[in-house]
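Below, in structure tokens: the form predicted on its own, a single chain.
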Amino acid sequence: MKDTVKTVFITGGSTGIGAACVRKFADGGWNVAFMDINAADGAALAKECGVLFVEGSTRNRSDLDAAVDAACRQFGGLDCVVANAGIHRCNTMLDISEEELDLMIDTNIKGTVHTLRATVPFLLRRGGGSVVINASDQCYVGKPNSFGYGLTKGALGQITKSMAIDLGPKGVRVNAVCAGTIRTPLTETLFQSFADITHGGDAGAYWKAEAALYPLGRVGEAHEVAELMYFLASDAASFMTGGLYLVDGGLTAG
């Protein structure tokens, strides 16, 4: 008898790591539903992969509820959620504005909590499932001019551990992926702004300097993060929960 096809719901899936996850799960034969505020890229990716896209923001619980409802109506339920949506801003504790702090907390922490509150009940209805959270290597190390990002991504590490303990007896595994610098549209834009300040606008020189920080001599690619997210979602990781797993080219090893 053929196994039932599993369904995954992915946030922030239009570009970068999220888009790599959409492609990986679709290639793996899963039913895929994803949401993002980026409607143009989302629609194009959905057409490319033959999956479901719903426009919306994780900061808005009603957007999430609508997207999850659409996924469940089309596929009959959920087996996995990949909480990937997030933002980065450069700041220190001394210069972060109240508005930017609120935005980062609302997106990276509350947006993730909204995602989990909207989806986990459907995993429980299935009798179990998997949650994969996109955290950061900043669960382990601090970085300059990254106060708000480190604060919010560090919180996701604790969310992962707390949920793993609470939901393990109910059959739901919860893990986080903690990536170093990954080449995505978000980091391309961010690094260009850094290069404008520090390298005379030469983004290539800035990327080269960043790569030199890594023992492997390069930054990561989105598909390399998606590989681990896919593994953690799968039954191959059936005895793994509560973990924060690095994909950082050895950056934090020193």
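Sequential numbering from 1, following the sequence displayed. The term rigid core refers to the maximal set of C-alpha atoms that superpose within 1.5 Å between the two forms. What you see is a predicted model; the values in this text were computed from it and never measured.
Note that the form predicted in complex with a small molecule isn't included here; everything after this is about it.
S.K.: Evaluate residue 107 for contact with the small molecule in the model of the complex, applying a 4.5 angstroms cut-off between non-hydrogen atoms, and reply yes or no.
M.R.: Residue 107 belongs to the contact set for the small molecule.
S.K.: In the model of the complex, does residue 184 come within 4.5 Å of the small molecule, counting heavy atoms only?
M.R.: Result yes; residue 184 sits at the interface with the small molecule in the model of the complex.
S.K.: Under a 4.5 Å heavy atom criterion, is residue 86 part of the interface with the small molecule in the model of the complex?
M.R.: Yes, residue 86 lies within 4.5 Å of the small molecule in the model of the complex.
S.K.: Wondering, does residue 134 line up within 4.5 Å of the small molecule in the model of the complex on heavy atoms?
M.R.: Answer yes; at least one heavy atom of residue 134 falls within 4.5 Å of the small molecule in the model of the complex.
S.K.: Within 4.5 Å, heavy atoms only, which of 199, 59, 218, 223 is in contact with the small molecule in the model of the complex?
M.R.: For this set of options, the contacting one is 59.
S.K.: Can you tell me which of 122 to 130, 135 to 143, 94 to 102, 70 to 78 lies within 4.5 Å of the small molecule in the model of the complex, counting heavy atoms only?
M.R.: Single hit among the candidates: 135 to 143.
S.K.: Any chance the CA of residue 214 moves 2 angstroms or more between the shown form and the other one, core superposed?
M.R.: For residue 214, whose C-alpha is compared between the shown form and the other one after core superposition, the shift is less than 2 Å.
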